[in-house]
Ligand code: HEM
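Take a look at this single chain, the form predicted on its own, given in structure tokens.
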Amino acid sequence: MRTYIWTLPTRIFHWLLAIGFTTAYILGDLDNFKNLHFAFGAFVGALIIFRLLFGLFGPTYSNFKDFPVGLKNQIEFIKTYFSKTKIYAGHNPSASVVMILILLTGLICGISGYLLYGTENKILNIGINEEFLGESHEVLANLFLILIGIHLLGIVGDILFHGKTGTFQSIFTGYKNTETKNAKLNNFHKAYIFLWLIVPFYIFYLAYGLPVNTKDKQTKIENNEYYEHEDD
């Protein structure tokens, strides 16, 4: 029996987050694309904020109440991983922990990026130097990447050992091969989804228009000119 597990907003969030983070990460070290890095970073942060709120009042399986994160659940999951004694309709225990860590890490990474930008451009004065903020932002981005890697390994393991459940396919279709109740969206969920789809794109637009800090670029130019004069 097929059951509707992942509603459309959850699936859209999943793919937008993947696209947004991947693009922001790749552009992070490219000075000529700083605006796009800011924009995609802000986009990811906004997506995550909406997802965290959705986890508080969203439908079954997307709601954090449905995440079996307890220690007993983790132990049971590990012991029965290669058997068919337990099927999880939504996130399994390990996936639940990884997903929560991805959301929290992504949120903190976005905040650190905002603080870094504000400090570099003298918009904020929080008493933390740019170097520390920059290193923290980089560490959080790499941690985010590692967690995504663990998430992907979990998907591969599920395909190999629990392929009949259809977890991988459910990322696209929303349906799993299990017998339980279907996830449903109420009117409030549908209204919320509208904001979820509009606000992050608007924030992307605003972040793209932020002025880029040219301090580093100017320093490089001045250094080059200095060495040219030295050669003369």
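Because the structure is predicted, anything quoted here is derived from the model rather than measured. All residue numbers refer to positions in the sequence shown, first residue = 1.
The protein also exists as the form predicted together with the named molecule; that form is not presented, and the subsequent description refers to it.
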property: Non-hydrogen atom contact residue 68 with the named molecule in the model of the complex at 4.5 angstroms; result: no
property: Heavy atom of residue 120 within 4.5 Å of the named molecule in the model of the complex; result: yes
property: Heavy atom of residue 91 within 4.5 Å of the named molecule in the model of the complex; result: yes
property: 4.5 angstroms heavy atom contact with the named molecule in the model of the complex for residue 78; result: no
property: Stretch 40-79 - residues with a heavy atom within 4.5 Å of the named molecule in the model of the complex; result: 41, 42, 44, 51, 67
